[in-house]
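Here we start with a single chain on its own, the form predicted alone, put down as structure tokens.
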Amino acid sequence: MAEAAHTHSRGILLPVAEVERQRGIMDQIAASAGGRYWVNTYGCQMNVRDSQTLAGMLEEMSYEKASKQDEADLILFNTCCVRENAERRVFGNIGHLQSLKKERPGLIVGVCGCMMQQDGSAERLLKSAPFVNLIFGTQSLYRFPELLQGALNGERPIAIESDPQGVIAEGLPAQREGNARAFVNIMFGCNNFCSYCIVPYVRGRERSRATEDILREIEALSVQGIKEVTLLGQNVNSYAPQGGGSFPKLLKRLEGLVPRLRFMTSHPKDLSDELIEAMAGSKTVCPQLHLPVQAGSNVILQAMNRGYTREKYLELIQKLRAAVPDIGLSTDFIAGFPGETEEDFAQTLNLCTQARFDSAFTFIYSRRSGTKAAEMEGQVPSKVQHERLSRLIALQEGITAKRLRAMEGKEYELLIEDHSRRGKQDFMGRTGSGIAVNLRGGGLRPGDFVRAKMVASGANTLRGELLSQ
């Protein structure tokens, strides 16, 4: 795949008439079809948010969520292509539906998302699972009603649009689970072209939603009782709507609309002093930042096309901790990138030790066809990749445990998110810095703010004692 120019597209706003046309099709399906649905979601928070839009459309088309997949009349797979394992899982799980499809020929099976946006993926899918009824990519999500209508009429619609500029569709419904937190997209696509990453090719160039549209969505969520909003974008620091504006300015406009505001993901090369100042001066923005570093070696960072050095990254960490002393920091690491030597990896371990992250998402490099890294020399053997990943995980686990132990005995305000997995009387809340806390409390509900004392720490969570509601 050829690299496109790294310019920020403002995106093409989907005409209101097209949104209304899709809504008209929803009404037609609601009057004649309906049934039960199930959506399988793979990948990042952006995909979760897309699945919420798909579920919202289905609810408006008189579909109800099934209690389990095998009871559904319509099954969707919203796919991810960032890592090879995710693709294998998707193909395997779709293949398992073949027998169910034979038992129930009327079952509609649809596959959408990033994986379908890749060149040749739709063809490979139909070859391995010819029973699939409809296929569409990330840029065709707003067309789901008409595509479903075609499938219900016995057609097999395939919609893979490859316009790098993409569209922004406002006014689509969403079915969010829970009443405490919500995801809100502020932009779509990516311009960074990290050498290992397929995202710019499947989600298009960066395009930002209008500030006023974001404000309206969050105001409506606040009215519904949502207490925490997470702003989403492949690189929120690049937010640049038509008419001017920036991400720090957006945060200031959103101040006070909901009690808590988070955002992800931030690219280190675009993390400005203005954004750090906006975080430090806000009572709404949580003291938490996910800042993917990927590697600690400048040689590997350059090969990854990340646009910063280890020194610059560590300087950003220092600035953040100076401005927001209680900030919770998390990151991403890739082990075994092409050309990575033992010395390069030692620098990654060293950076991990210096940065003292609260947590880290660690991955083995996954070769993605169409990216520059896939063609690089020095592909690291799988055995070496796994050995390095194990060392990195062990190091970070020790750092995480130490940071959690340091929180024991302290008091924090928590937002209750849901019941804990420990039992019906236990709940899970989260500190402003993003640490999960399990505690027992009768009468608690998701969305409640409580104060709790930390009494014990585990591998990656804390145990709290309720003080007040």
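Start at 1 and count along the sequence shown; that's the residue number. It should be emphasised that the depicted structure is a prediction, and the values quoted were computed from it without experimental measurement.
Keep in mind that the form predicted in complex with S-adenosyl-L-homocysteine is not shown, yet the notes after this line are about it.
- The candidate spot formed by V82, Y196 and R306 is fully in contact with S-adenosyl-L-homocysteine in the model of the complex: every one of the three has a heavy atom within 4.5 Å.
- Heavy atoms within 4.5 Å of S-adenosyl-L-homocysteine in the model of the complex are found in one stretch of 327-335, 170-178, 310-318, 127-135, which is 327-335.
- In the model of the complex, no heavy atom of I393 sits within 4.5 Å of S-adenosyl-L-homocysteine.
- Contact annotation: S297 falls outside 4.5 Å of S-adenosyl-L-homocysteine in the model of the complex, judged by heavy atom distances.
- Remark: P292 counts among the residues lining S-adenosyl-L-homocysteine in the model of the complex, judged by a heavy atom distance of 4.5 Å or less.
- Using a 4.5 angstroms threshold between heavy atoms, F363 counts as touching S-adenosyl-L-homocysteine in the model of the complex.
- The listed set Q234, N185, T211, N237 contains one residue whose heavy atoms approach S-adenosyl-L-homocysteine in the model of the complex to within 4.5 Å, identified as Q234.
- The contact residue chosen from R368, R143, R262, K227 relative to S-adenosyl-L-homocysteine in the model of the complex is R368, the criterion being a non-hydrogen atom within 4.5 angstroms.
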